[in-house]
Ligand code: HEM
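First, one chain by itself in structure tokens, the form predicted alone.
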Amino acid sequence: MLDLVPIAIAIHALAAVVWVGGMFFAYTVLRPSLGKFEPPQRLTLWNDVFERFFVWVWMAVIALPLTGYYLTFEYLGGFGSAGMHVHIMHLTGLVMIALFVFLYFIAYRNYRGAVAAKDWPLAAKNLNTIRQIVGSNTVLGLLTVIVGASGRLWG
């Protein structure tokens, strides 16, 4: 029988890298680089970036809990047997997913509508909301990566 644990670990790690790495890049590299563009160009470009990136985030939002629960129950024997780091990853992952769902269905929907209407002040206001959520999720994601990478060694 095929051992799915290594495959689940690989998918879990790749999904985390794509999501957290994408947010880190967008927040620390892309965002400051776009400051020299005028609002219509900057806001339209962000709309294009989000449209592409959020497809990958949705894949991560599906893959991370599926592989995380699979690994927790099939490999670790359930939450009762799991270390504290697994519980922390579980909590931060759920918070990150909730923040993304809010971002996608509220802030991003409003942002897309404002960009389509060429209402640049409203688009900028919604982009600021998205920026704050992405900033929070980037910090949570980086902390979760640290916990995931080091938690087994906590003793």
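Residue indices: 1-based, along the sequence shown. No experiment lies behind these values; they were computed from the predicted model shown.
Keep in mind that the form predicted in complex with the named molecule is missing from the display, and what follows is about it.
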Worksheet item: What stretch, of 117-125, 104-112, 42-50, 58-66, brings heavy atoms to within 4.5 Å of the named molecule in the predicted bound form?
Response: 58-66
Response to the item:
Interface check vs the named molecule in the predicted bound form: of 34, 99, 130, 86, the one with a heavy atom inside 4.5 Å is 86
Worksheet item: Is there any non-hydrogen atom of residue 134 lying within 4.5 Å of the named molecule in the predicted bound form?
Response: no
Worksheet item: Do residue 30 and the named molecule come within 4.5 Å of each other in the predicted bound form, heavy atoms counted?
Response: no
Worksheet item: Hey, in the predicted bound form, does residue 9 get a heavy atom within 4.5 angstroms of the named molecule?
Response: yes
Practice prompt. Decide whether residue 149 counts as a contact residue for the named molecule in the predicted bound form under a heavy atom distance cut-off of 4.5 Å.
Written response: yes
Worksheet item: If you look in the predicted bound form, which residues in 87-107 sit within 4.5 Å of the named molecule (heavy atoms)?
Response: 89, 90, 93, 94, 96
